[in-house]
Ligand SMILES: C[S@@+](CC[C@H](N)C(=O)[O-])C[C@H]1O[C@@H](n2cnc3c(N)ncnc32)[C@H](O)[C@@H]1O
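The form predicted alone is given below as one chain in structure tokens.
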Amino acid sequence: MSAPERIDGACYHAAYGFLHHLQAELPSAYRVDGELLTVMGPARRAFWTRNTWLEPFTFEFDSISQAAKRLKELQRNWAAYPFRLARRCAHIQSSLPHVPIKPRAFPFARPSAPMGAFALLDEHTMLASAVCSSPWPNGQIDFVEDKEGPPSRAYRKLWEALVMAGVWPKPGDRCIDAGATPGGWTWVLAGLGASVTAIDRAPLDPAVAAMPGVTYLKHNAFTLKPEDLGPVDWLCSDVICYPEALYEWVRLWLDASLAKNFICTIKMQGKDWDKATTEAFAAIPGSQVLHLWHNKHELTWICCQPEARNNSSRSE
């Protein structure tokens, strides 16, 4: 078995179904393996990823047990990306410590233990990284779903965003849910004990509208000024709109200093994506712009105050 050979670069695992967007972000890929792009040089910011392998290396091995031994020498948790030789990848994975992948019940803190990733370039050559951007296997996070309460499956996006933010609303917090109908995000916020003003021109699902702390406002949220609504702890938006319109509305709130924490979906229009507006969101201090596992042709902007991270004690 050969010694690991460090790659002077990083590997970017494309968001599911959006390899073309990632290739547009990173046109200088050294190699493409399935949906994994290896780019030489320091790690770069890329939006359309599910996971970034930050310290990739390769090594040659003679047997499955040798490959597993090498990985276990580095750390415990590994996830295979079987773009090639899937059965051999599965045999190596089964020789490693078990990584629980069962759905989790929200809320919970993101894992603190590192999650490595590996793939096979050929039968005896492995590409791997012990250090990755996502704590989930190949960036995939699954929840124990509620099939009775929420009126749409969009609630999973907010759950994931809150877990990634490391904080969520607490009882007594005041929240705005823009573009609320039918009420999936309002259902999440109210379920956490927050007071929610749900804004939309279409009515909420009756069961959500009847939840304690929910107030429905029939209106176009973007025509309301921050001063019309007053200070809020959380400003959330899943509005279907052009990214520029969302950014202009968010800027009003930032300039007015009337919202503490933000979670907004940046929904792309057509087949392309608005790179300029996405970068404008990312430039806001304290921001994350991510493609969540539960996103579609959209990105999620998260901007939370550091002092709001009051739930970090709820661990694995």
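Nothing here was measured: the structure is a model prediction, and the numbers come from that model. Numbering starts at 1 and runs along the sequence shown.
Absent from the display: the form predicted together with the named molecule. The rest refers to it.
Check S152, G184 and A221: does every one of them have a heavy atom within 4.5 Å of the named molecule in the predicted bound form? Yes, because S152, G184 and A221 each have a heavy atom that approaches the named molecule to within 4.5 Å in the predicted bound form.
May I ask you to choose, among K170, R201, R76, R84, the residue with a heavy atom within 4.5 Å of the named molecule in the predicted bound form? For this set of options, the contacting one is R201.
Since exactly one of A194, V239, A128, I176 fits, which has a heavy atom within 4.5 Å of the named molecule in the predicted bound form? By the 4.5 Å heavy-atom cutoff, the listed residue in contact is V239.
Which one of these stretches, 134 to 142, 239 to 247, 96 to 104, 115 to 123, sits within 4.5 Å of the named molecule in the predicted bound form when only heavy atoms are counted? Of the options, only 239 to 247 has residues within 4.5 Å of the partner.
With the partner left out here, check for me: in the predicted bound form, does some heavy atom of R70 sit within 4.5 Å of the named molecule? R70: no contact with the named molecule in the predicted bound form.
Residue-level contact is defined here as any heavy atom of the residue lying within 4.5 Å of the named molecule in the predicted bound form; does K260 satisfy this criterion? No - in the predicted bound form, heavy atoms of K260 and the named molecule never come within 4.5 Å of each other.
Can you tell me if L189 lies within 4.5 angstroms of the named molecule in the predicted bound form, counting non-hydrogen atoms only? No - in the predicted bound form, heavy atoms of L189 and the named molecule never come within 4.5 Å of each other.
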